[in-house]
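Listed next as structure tokens is one chain, alone, in the form predicted alone.
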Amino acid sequence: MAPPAAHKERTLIAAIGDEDTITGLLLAGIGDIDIHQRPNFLVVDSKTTQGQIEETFTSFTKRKDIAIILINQHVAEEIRGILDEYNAAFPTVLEIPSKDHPYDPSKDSVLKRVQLLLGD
């Protein structure tokens, strides 16, 4: 495990989700654009391709300033393969519900791992 000082630069929350979710998170103050003009959020709509979601998720996982990635569960379903393979501690990935899509614990990859570790 890396020393605690190695994680001090991870101060941002990134988000991938529908317009309502991202708008709410931006109003709460999570929005940021880094020195390379890369935002820490992606609004997913009907025109967003699976490739764009995958590319954004992968780029968020490589950034050293992001501690947590929030992703709407219905969007996570589109990249489930990548999410299931992702196993790094930082940034941590959390699946969240959206206004139109309720949370389903049976689909949450983090919860599945916890249940596997606990033997449930």
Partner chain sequence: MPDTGAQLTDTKLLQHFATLAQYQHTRERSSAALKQAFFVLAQARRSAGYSRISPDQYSGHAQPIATVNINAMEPDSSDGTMAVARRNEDSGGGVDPLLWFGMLVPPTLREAQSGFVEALDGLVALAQMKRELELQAEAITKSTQENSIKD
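Positions refer to the first chain, counted from 1. Note that this is a predicted model, so its numbers are computed, not measured.
Another form, the form predicted together with the partner chain, is not on view; read the next lines as being about it.
> At 4.5 Å between heavy atoms, is G29 in contact with the partner chain in the predicted complex?
Yes - in the predicted complex, heavy atoms of G29 and the partner chain come within 4.5 Å of each other.
> Although the partner isn't part of this model, could you tell me whether V93 comes within 4.5 Å of the partner chain in the predicted complex, counting any heavy atom of the residue?
Although the partner chain is absent here, V93 would touch it in the predicted complex, with heavy atoms inside 4.5 Å.
> Could you tell me if A67 has a non-hydrogen atom within 4.5 Å of the partner chain in the predicted complex?
Contact with the partner chain, yes.
> Is I82 close to the partner chain in the predicted complex, meaning a heavy atom pair under 4.5 Å apart or at it?
Looking in the predicted complex, residue contacts with the partner chain do not include I82, since no heavy atom lies within 4.5 Å.
> Taking the partner chain in the predicted complex, which residues along 19-46 bring a heavy atom to within 4.5 Å of it?
Residues within 4.5 Å: E19, D20, T21, I22, T23, G24, L25, L26, L27, A28, G29, I30, G31, D32, I33, Q37, F41, V43.
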